[in-house]
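The chain below stands alone and is given in structure tokens; this is the form predicted on its own.
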């Protein structure tokens, strides 16, 4: 059986932060209509999957999916289980933000089958939270993690953002110190990225905000790796760190080039070498589902060269490139073409070789994009 993943994009959100480019809407209109459309889309794609697929992860992203009542999430899970071969041990993740849930709601989410919580904290610093236009404070962030733990969640992630304007190394270190004091098993640490169309990007273009340079960003990233790995968190992808055994299976499904199906507006899918994206509009999504059963805005069938490029990129960004597996899938020519370059990277300690596995070192992770750009 081929392990695969399911993603559900719930677009409803309490507030749009200045840096966020994910599709979200600050209204609760059409919640009922969205659920109805989502169930129809799930049923539509159930016939597209062969019997050789087993879905080992389900991820509720957004938006803020925890705004929904647990019964709402339960109905979606019921529809997924009725239409797909879901592993009884599936990792089922739900994103939330501090202050958006309380102990009772978390317990009810746990009762529906959610077994992993991802909390978008971003910072424990009050000034940074205000800049990011987050609607929580440090106390709410800590309380949400502790409530999740008391509700029975053993698998808890928190998100942090570094290289915020004016963020000192000392301030970033205090964020990391605050994070590891909490009962979390996974930390996602992202460098602040300017995304086209966001309020933050316009602020930078207008000269109202200045972003610190790439060298400073690299210093903060190196600090992150050193600090978290010293505390027992294993870096298993460029921006992700986990206690042993708590790597996010859903993330790994993407990085290991597995099949995945996304439901909801703006969701992406990759199935049997075909990729598609849904419309990025709730109203358009609902109307398309009502008339056609699906809401595909664009699609493509990947060429062999695209598959190779993506496979290498995703493998090196995460646990590493298994050369033997790669040759079995794609043949020897691409690897031979880049063998001298890989040998140079190994000698310079950007890549380490363990049997057939080539994986980035911390030094290599810091220049990951440059390395990938040089692979032909």
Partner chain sequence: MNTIRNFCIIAHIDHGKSTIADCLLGATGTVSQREAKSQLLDDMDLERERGITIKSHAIQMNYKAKDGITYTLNLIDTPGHVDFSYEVSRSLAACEGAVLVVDAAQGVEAQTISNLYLAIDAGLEIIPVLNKIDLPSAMVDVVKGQVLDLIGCKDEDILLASAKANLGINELLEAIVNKIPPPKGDPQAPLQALVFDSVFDAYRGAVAYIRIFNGTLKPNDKLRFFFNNKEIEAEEVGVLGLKKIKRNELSAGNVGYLICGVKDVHDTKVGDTITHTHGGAEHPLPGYKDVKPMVYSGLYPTNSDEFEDLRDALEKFRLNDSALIYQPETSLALGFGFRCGFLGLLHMEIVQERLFREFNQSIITTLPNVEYIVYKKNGEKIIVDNPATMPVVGDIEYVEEPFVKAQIVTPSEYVGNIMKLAVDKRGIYKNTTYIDPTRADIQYEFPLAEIIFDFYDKLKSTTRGYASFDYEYIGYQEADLVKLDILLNSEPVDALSMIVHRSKSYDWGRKVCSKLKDLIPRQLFEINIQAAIGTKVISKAVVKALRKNVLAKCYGGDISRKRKLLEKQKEGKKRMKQVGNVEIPQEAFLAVLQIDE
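Keep in mind the model is a prediction, meaning the values are calculated, not measured. Residue numbers count along the first chain shown, from 1.
Missing here is the form predicted in complex with the partner chain; even so, the following discussion is about that form.
Engineer: Specify the contacting stretch among 294 to 302, 203 to 211, 82 to 90, 138 to 146, defined as having any heavy atom within 4.5 Å of the partner chain in the predicted bound form.
Structural biologist: One stretch meets the cut-off, namely 294 to 302.
Engineer: Looking at the partner-bound form in the predicted bound form, is residue 314 within 4.5 Å of the partner chain by any heavy atom?
Structural biologist: So residue 314 counts as contacting the partner chain.
Engineer: Is residue 221 close enough to the partner chain in the predicted bound form to count, meaning some heavy atom within 4.5 Å?
Structural biologist: Looking in the predicted bound form, residue contacts with the partner chain include residue 221, since a heavy atom lies within 4.5 Å.
Engineer: Taking the shortest heavy atom distance, is residue 268 within 4.5 Å of the partner chain in the predicted bound form?
Structural biologist: Yes, residue 268 is a contact residue.
Engineer: Just checking whether residue 153 would be counted as a contact of the partner chain in the predicted bound form - the rule being heavy atoms within 4.5 angstroms.
Structural biologist: Residue 153: no contact with the partner chain in the predicted bound form.
Engineer: Using a 4.5 Å cut on heavy atoms, which of 227, 246, 190, 279 is close to the partner chain in the predicted bound form?
Structural biologist: Selected option: 190.
Engineer: Just one of 182, 77, 132, 238 has a heavy atom within 4.5 angstroms of the partner chain in the predicted bound form, so which one?
Structural biologist: Comparing distances to the partner chain in the predicted bound form, the residue within 4.5 Å is 238.
Engineer: Are 14, 124 and 165 jointly within 4.5 Å of the partner chain in the predicted bound form, each by at least one heavy atom?
Structural biologist: No residue of the spot touches the partner chain in the predicted bound form.
Engineer: Can you name the residues of 1 to 37 that have a heavy atom within 4.5 Å of the partner chain in the predicted bound form?
Structural biologist: Result: 21, 22.
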